[in-house]
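Look below for two forms of one protein chain, each set out as C-alpha cells: first structure 1, then structure 2.
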Structure 1
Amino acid sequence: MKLGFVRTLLLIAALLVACPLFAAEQKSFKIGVITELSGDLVTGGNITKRGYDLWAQEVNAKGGIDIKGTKYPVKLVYADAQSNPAAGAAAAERLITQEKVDFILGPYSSGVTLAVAPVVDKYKIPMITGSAESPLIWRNKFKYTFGTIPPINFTGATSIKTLLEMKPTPKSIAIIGSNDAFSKATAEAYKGAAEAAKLKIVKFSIVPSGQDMTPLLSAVRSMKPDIIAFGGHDEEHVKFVKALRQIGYTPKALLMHCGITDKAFTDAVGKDGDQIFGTTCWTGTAKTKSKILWPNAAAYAAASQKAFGNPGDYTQGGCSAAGIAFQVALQKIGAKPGMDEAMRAKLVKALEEVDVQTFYGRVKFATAGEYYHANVGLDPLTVQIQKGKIMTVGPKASVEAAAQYPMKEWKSR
C-alpha cells in the first residue's frame, strides 16, 4: 500500500552505513528542515522530505561535505509546519534557538515560507526552499531566503510556446485554475502567455478548490477550445481528467503543470493520463551533467527509485538541489559546523555567487529584480505523458520525443 516502511527501512540502513562516521567523533552540520508533515499539504511536504532525505543520504554515503579535506556529515532535524504558517514560524524558532541548526531547508508551500522568512532573517540563518516559488516571496526580497525552483510566471510561457508549434496550430484556449495560491498563479501565467501569443481565450475561470468541475467543463466543451489548461492539486487533477472523460470531451491538448509528473497521478488515472502536457523545470531524463553527487538526472532518478520506489518529480529534485547549493556554498567559504553570524552572512554571499551544474540543471540565484534569490538558472521544459512515461517535448533543444497532438479520444483508449 504505502512505501513509507520501505523508505524508512532503507533510510535506517543508509544511516547505519554512515554510522561509523559518526562514531569517529566528527562534528556534523546540523540542518533544520521545515516542511508540511501533516495537515492539508502533507502530500507535498512528504515530497520535499524525500528530496532532502535523499540528498542527506547521498552526502553522508560519501562521508559528508568535504570542507578543505575534512568531511562533515549532515544531520537533518525535522520540524513540522503542519501546513500552517504559525506552526512554520514556531518551527523555525525552535530549530534555530533550541536545536541551534546551522542553516535551514525550507517548506513546501509559499504560505509557510512567507511566515518563516522574516524569522530566519531576524536570526540571520540562511534558508533555501526546494519547493516554494511564489513570486510573492521573491518580491519581498528576504535576504536570507533562497529558492531552487523558479516561479511559475518564469516557466509558464514555455508550454504555450511549445503547443503553438503543433500542427494544425491551436487557435483557442480555455484556462481554469483552482482558487489556491499556486494553482491561481499557474492559470495566470498561462493566461499571460496566451495573451502574448494572441491565442483566443474562450474562458478564464478560477474555481473553488476541491469542487466538481463538470458543469464548468460542459460549458467549456460547447466553446470547443483547442487547448484546455488547468492548474490544481493532485486531487483536482484526477477529478478534472475524470470529468472530461465523463462528459466525453477530448480537447486537442490538455495542459496541466508539474503536478502530472508525480507518479501518483499516472497511477490514479491510468491510460487517461496519456498525452497530457505539463510544464516543469526538470525530469528524470533531463540531459544534465554534474560533478556533484549525481552525474546526471538519470542517476538521481535511479537513486530515488531505489530509495522510494518513485523516480522523483521536479519538487523532490529541487529539494535535493537545495542541499547541493548549500554544499557548494559551504565548500567555497570553508565553513565548519557551528557557524557564527559572520560566517552565515558569508554563506549568504556565497549562495548569491553560486553558479553550478547539478543533476537538476544549473543553479544560479538571482541577486536583483523580481526573482530575487530565486533560481533563474533552469530552463523550463514542456513534458507530455506518453504511455505512462514523462517525455520532454519542448523546447527544441531538450526534445526527447515528438509531441503527440491532437489527443486521442477517451473512448478509443
Structure 2
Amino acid sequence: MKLGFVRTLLLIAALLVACPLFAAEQKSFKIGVITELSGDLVTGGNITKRGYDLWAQEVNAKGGIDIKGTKYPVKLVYADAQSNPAAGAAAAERLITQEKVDFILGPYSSGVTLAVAPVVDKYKIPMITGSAESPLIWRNKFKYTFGTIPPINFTGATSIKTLLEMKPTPKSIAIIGSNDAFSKATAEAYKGAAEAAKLKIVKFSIVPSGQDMTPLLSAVRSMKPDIIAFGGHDEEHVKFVKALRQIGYTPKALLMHCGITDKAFTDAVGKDGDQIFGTTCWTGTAKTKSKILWPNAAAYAAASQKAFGNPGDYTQGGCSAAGIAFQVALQKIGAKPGMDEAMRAKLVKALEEVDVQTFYGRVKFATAGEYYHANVGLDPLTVQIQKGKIMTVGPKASVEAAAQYPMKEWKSR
C-alpha cells in the first residue's frame, strides 16, 4: 500500500515537470542595463540610470507592460561598465549568459556602446542605448543595436546655423574635442558645419580625454576666435569653462553639445554657465504629445523632479524613451518574458517598425543608410542657458527666447 502511494506521488511529480501546463512561467521581463556607474563617466552613467529607472518605476506603477490583457512588471538588472569599453563588453556577456536577460538597455558613452554592440549581435539580444551618439555605431550597422538619441552628425550643424544668424555675424571658430568616440565625432560635426558655412577655422584639435585645457586655451586666446566649440563629456565641460575663466578669455559664443542641459552642470559652474550654447533634441518644455506613460515633456519633467529633484535632460529623457520603444515593440508582437531567439528576432523587426509619439517626441528608427537603427524622428534644437534656465533659441519654429549674444565678459559677471 505504502509503495503504491509513493509510486503515485512520483508519477504526479514527473507529470508536473513534464507537462507544459504546469511549467513555471517567468512573471516579469528581466532587463539588463549596462552603464557607467563608476569611473570618469559616472556622472553621465547616473543620468542614464535615472532615465531607465524612471521608465521602470512608471511601468510597474501601472502593473507592468500589458501584453494581450496580462500585465508583466519589469525588473532592471544593472551591470557597471566602469567607464571602460572592455569592462562594458564583459558586463554584457555576464548579463546575457548568466542573468539570462530578455533584452538590454545600453550604455551612456559611445565608446562602451561600440564595445557592447558586437556582443549583443553575437548572442542575438536586442539593445537600445538611450544616450550614445557617435556616428560610428550606426555606420557599423549592428543588427541588434538601436538608439533613441540621433547621432551627432545628424544634430551637430543646428547650433552652428543658429549662431550664424547672430549680429554681428561670427567670422571665426576654434574647435576642440576630447579623444573618445563621441567627443571626437562632435568636434568633427562642428568642423563640417563650420566649413559648409565658410567660417574661418583658426584651430581644430583633438586632445587626450581629461587633459588640462588651460595651456591649449591660452594659445587659442591669441587667435581671438568669435566662437569656441568643444566636444566632451559632462565633467570636462565644467573644467573647460573654469579654464576659460582662469585665462580671462570670453569668446562671443561658447558652444558645447553634451551635458549643459543637466542640472549638475549649471550647479557646478553657476553664473559662468549663463549664455553658453548647446545642441539638444529634447527639453522639458518641448511641445510633445503622447498617449504612453507621460502625456508630454512637461509631465515627464515634473515626474523626474519629484523622483530625483531634477527635471532631467535630453540624455535622461532618451533613456526613458528607450524603455517606451521596447514596450511598444513587445506589445506589437505579444512577447512574454523569457523570450527565445525566434521571439527576439521578431522583437528586432518590431523595433524597426516602431513609429510612435512619446513625451520625448517621435521615435522612429532608420532601417538603412548611415543612421541605421538610430532615431531619426526628432528635430534638433539649439539651446542656451539664460539665468540658470535652459531656453530654446533655435530653429525659429521652436524659439522660446531670443539668443543672448555676444557673451558677457567673465570678469563682469
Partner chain sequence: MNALNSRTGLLALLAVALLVVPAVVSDTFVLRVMTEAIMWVGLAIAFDVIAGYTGYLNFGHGAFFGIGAYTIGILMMRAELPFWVALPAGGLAAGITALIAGIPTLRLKGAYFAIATWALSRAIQQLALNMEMTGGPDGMRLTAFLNPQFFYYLMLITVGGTFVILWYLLERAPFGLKLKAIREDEEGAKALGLNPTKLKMQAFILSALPTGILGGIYAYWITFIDPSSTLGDMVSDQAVVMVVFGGMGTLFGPAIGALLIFAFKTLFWAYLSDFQLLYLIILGALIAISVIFIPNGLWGTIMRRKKADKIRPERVIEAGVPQEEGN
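Keep in mind the model is a prediction, meaning the values are calculated, not measured. Definition used throughout: the rigid core is the maximal C-alpha set that superposes within 1.5 Å between two forms. Each residue is numbered by where it sits in the sequence of structure 1, with counting from 1.
Each structure shows the same chain on its own, and structure 2 is the form predicted alone. Within the set 170, 207, 378, 44, 378 is the hinge position, where C-alpha fit passes from one rigid part to the other between structures 1 and 2. A two-part rigid motion is described between structures 1 and 2, in which the smaller part turns by 11 degrees against the larger. On the core-superposed pair, the CA position of residue 166 changes by 2.4 Å between structures 1 and 2.
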